[in-house]
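Only one chain is shown below, in structure tokens, and it's the form predicted alone.
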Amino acid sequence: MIRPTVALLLLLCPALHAQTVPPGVPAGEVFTPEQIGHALAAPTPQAGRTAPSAVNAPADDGQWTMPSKNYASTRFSTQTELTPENVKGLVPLFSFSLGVNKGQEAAPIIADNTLYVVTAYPNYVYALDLTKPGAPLKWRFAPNPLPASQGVACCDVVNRGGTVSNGKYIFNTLDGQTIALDVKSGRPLWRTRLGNIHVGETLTMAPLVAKGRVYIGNSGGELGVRGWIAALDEQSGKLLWRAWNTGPDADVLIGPAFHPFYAMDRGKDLGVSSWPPDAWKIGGGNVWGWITYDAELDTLYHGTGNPGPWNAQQRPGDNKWTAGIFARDPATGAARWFYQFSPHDQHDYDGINEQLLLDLPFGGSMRKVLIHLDRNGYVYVIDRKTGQVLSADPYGPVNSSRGVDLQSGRLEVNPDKETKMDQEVKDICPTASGSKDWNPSSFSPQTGLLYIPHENICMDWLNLQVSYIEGTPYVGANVHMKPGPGGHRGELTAWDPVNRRKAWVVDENFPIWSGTVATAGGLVFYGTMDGWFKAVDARTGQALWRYKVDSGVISQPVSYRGVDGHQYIAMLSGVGGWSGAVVSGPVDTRDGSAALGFVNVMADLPKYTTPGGTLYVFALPH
């Protein structure tokens, strides 16, 4: 029997008075970048130009077949029709109602003049014909996931998208299935059940397809679900391998080929010994974010989620292999290296955010690096062959740690912000959802800049004793979020990864929960939670255009070339997710601890937007 009590993660108990958004944390409460940024070498931009390899980012054919655009995860379009000079003329060409008014986090997918989109639960899939006026519906598929899966979804019933590969549209459903559809007819070719909703397990991430395999990871860390990543055969859906992220080496697929760079990640069965007895069995470490395939090095990279429960005092130890990143053999799943961003994570800093694969000048030569924007607040530049951290710099407000020791690799936790049972710890920055959450950044090889959509939010935290009951919340913390320094709650930051500094920043009232897309025309597109879709100049951040859509934006915009050769921008509206639960809920806005503390900082969002679910496609008039 599935218990509906996970709704308590959103509802909890109503307070006695109306909730208002608190003031921002004073700027003096956070460290400056100079106090905590570290690198192994001084910047050497003269050594070369930052760019993805041609293997991981092949020539752009105008399509957008996977959420990340390419294996380098640049989310960069070479389309040039839209420019800072003409983008003010951008207009909606058509829209399409998704029929679901929940958080829409997916990327529209464009292949062979067809646009595909998957919705939040109940995970409808639509295929639209881009060769005809108004893009009429070609087919619709309803997977009919188990309704009880809604009751065990931590943070709204979202879906982060599908992908097109070899005549198939492949996506996940909330109740734990991966499904491949024939792109011409919408007919299911195979469906494989991987998750078990009876223990609180769901699937919300976008699958990655590479070399005939489909890679998937599970959600459910807030319910004590043990994390894993799995590979399916693309043709049949057959399970090829599954690697767990906690437990003995045999389960984690750690063997002779495992060579972590840092001593803290070496040792036998650390996935057991770094936990209290048997705690690893319900310890989280889920792979609910981004999986990246390096075609150049034939390596799979994936982050791992937070350890459970949130109350770190109930799980002494480093809690391997949570809140970190694995490099694996894509054919077998065998681990090659691991690095833990947040050992013994105390603040819900999952390591599941995006990885961008670039060649970058460092220390006088070009290095093959992985850039990871972690929830703990740091831009990590990592040698993707070895797992060595080359630099780690804050891109948002940070005081929960004092930086990264690049000799040991260890995050230096600030003892003043360690969480406690007997005391509410105030003004911890960043908040539990991090300096940024799952929503992905983009990179332009023209400017050499990363475009990071993120938050400016901090929190107060009190640990609570919690017991594990299968299929119910396993959190153990009372959290109240609040704005960071300056009082605004969101930022779009252009980051120079070579010189390790911000190029420009755009402040937003609400946290930016959408992804970004950069274009060769010199633009960056993103959406806001109060319902504006925007374009800014990629070099300066100057606001150039905006359009009000029917609901807040938390999706992943894309840019593609239409059948007529013109450039189009596609995105989904539909506010929700963890940050937007105050709108898509139901949530009692009088309770600041509702939605795991997000209501405290988002109580005013219902004044600005309403639930929705619409696909918009924009172009210049032609």
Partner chain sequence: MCSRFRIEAGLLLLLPLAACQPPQTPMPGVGPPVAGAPLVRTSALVPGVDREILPRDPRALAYYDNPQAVVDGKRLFQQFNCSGCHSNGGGGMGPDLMDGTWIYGSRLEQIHQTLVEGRPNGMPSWADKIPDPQLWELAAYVRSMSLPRTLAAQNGPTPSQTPAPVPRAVDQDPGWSPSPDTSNDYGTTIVGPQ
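Positions refer to the first chain, counted from 1. Note that the coordinates shown come from a computational prediction; the quantities given were computed from them, not determined experimentally.
One more form of this protein should be noted, the form predicted in complex with its partner chain, which is absent from this view; the next part is about it.
- Comparing 583-591, 565-573, 48-56, 23-31 against its partner chain in the predicted bound form, the single stretch with non-hydrogen atoms within 4.5 angstroms of it is 583-591.
- The contact with its partner chain in the predicted bound form, taken as any heavy atom within 4.5 Å, belongs to 464 out of 137, 464, 142, 263.
- Only one of 331, 239, 250, 469 lies close to its partner chain in the predicted bound form, with a heavy atom inside 4.5 Å, and it is 469.
- Taking non-hydrogen atoms only, residue 595 approaches its partner chain to within 4.5 angstroms in the predicted bound form.
- Contact annotation for residue 267: none of its heavy atoms lies within 4.5 Å of its partner chain in the predicted bound form.
- None of the heavy atoms of residue 506 is located within 4.5 Å of its partner chain in the predicted bound form.
- Among heavy atoms of residue 158, none comes within 4.5 Å of its partner chain in the predicted bound form.
- Residues 148, 150, 151, 152, 153, 154 are the members of 148-168 with a non-hydrogen atom no more than 4.5 angstroms from its partner chain in the predicted bound form.
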